[in-house]
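Take a look at this single chain in structure tokens; it is the form predicted on its own.
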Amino acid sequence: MFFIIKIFVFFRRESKLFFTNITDLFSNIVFFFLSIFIFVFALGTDEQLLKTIGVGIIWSLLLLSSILSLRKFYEEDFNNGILVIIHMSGISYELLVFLKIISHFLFVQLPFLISLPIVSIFFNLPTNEVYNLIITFFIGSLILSCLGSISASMNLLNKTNFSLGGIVVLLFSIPLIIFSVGINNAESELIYLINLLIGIALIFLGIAPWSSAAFIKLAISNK
């Protein structure tokens, strides 16, 4: 019971930080919408072209918007010693990373779901593709949070080149974007492909806590 209370306190703290820094999320969403507008105006009024490449553009911009939040994934808690304090309270670094990933998924990624039906209008996407986009982003955003955790923990060891972590996320997100866009264009075996995407998300959810925790431990030992 006491362990559950610790987890509850952790998420309560994360929610307070989210509402304190809600302007950061607002900035990310504004960046996402402005980027969509730029692409729409650049491509012109060709409806067929917009439908063809719309999902790919949306996914790419969602990825770039997600990268903007990586600097605050662990950096602030690492610099002020909160990560060590949480660990000393009885939560392992692996569990701490897992909770951070879930927190990032809930407070950073999911708010973008609200914007997806809106931006789909600009690309004239049919209803079924909008539903597929929402489903694939709901699953794929968990993968992005896992990749973001690994990237942010790597950046704790690298104080001179923060773009390295973003490059890692971009590199490993290319298959995710290709697969997610392919699901939208698939006419059959949709459930099979979605289940496969869920399996990939679970694999990353199993790998990310251990790898991120290793980077965090190494960064703390070298601090």
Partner chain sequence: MFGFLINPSKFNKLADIILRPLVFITSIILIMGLFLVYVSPLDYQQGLTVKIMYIHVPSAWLALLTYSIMTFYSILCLAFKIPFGFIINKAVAPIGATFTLLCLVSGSLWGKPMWGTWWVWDARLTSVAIMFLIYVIIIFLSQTFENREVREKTIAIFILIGSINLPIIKFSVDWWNTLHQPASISKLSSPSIDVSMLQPLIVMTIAFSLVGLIIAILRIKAEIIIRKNH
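Please read these numbers as outputs of a predicted model, since none were measured by experiment. Positions refer to the first chain, counted from 1.
The protein also exists as the form predicted in complex with its partner chain; that form is not presented, and the subsequent description refers to it.
S.K.: Would I150 sit within 4.5 Å of its partner chain in the model of the complex, counting heavy atoms only?
M.R.: It does: once its partner chain is placed as it appears in the model of the complex, I150 has a heavy atom within 4.5 Å of it.
S.K.: Quick one: is I194 in contact with its partner chain in the model of the complex, heavy atoms, 4.5 Å cut-off?
M.R.: The answer is no: I194 has no heavy atom within 4.5 Å of its partner chain.
S.K.: A214 versus its partner chain, in the model of the complex: is there a non-hydrogen atom within 4.5 Å?
M.R.: Result yes; A214 sits at the interface with its partner chain in the model of the complex.
S.K.: Is L190 close to its partner chain in the model of the complex, meaning a heavy atom pair under 4.5 Å apart or at it?
M.R.: Answer no; every heavy atom of L190 is more than 4.5 Å from its partner chain in the model of the complex.
S.K.: Is its partner chain in the model of the complex close enough to L171, I207 and N222 that every residue in that trio has a heavy atom within 4.5 angstroms of it?
M.R.: Every residue of the spot touches its partner chain in the model of the complex.
S.K.: Looking at its partner chain in the model of the complex, which residues in 142-158 have at least one heavy atom within 4.5 Å of it?
M.R.: Contacting residues: I150, M154, L157, N158.
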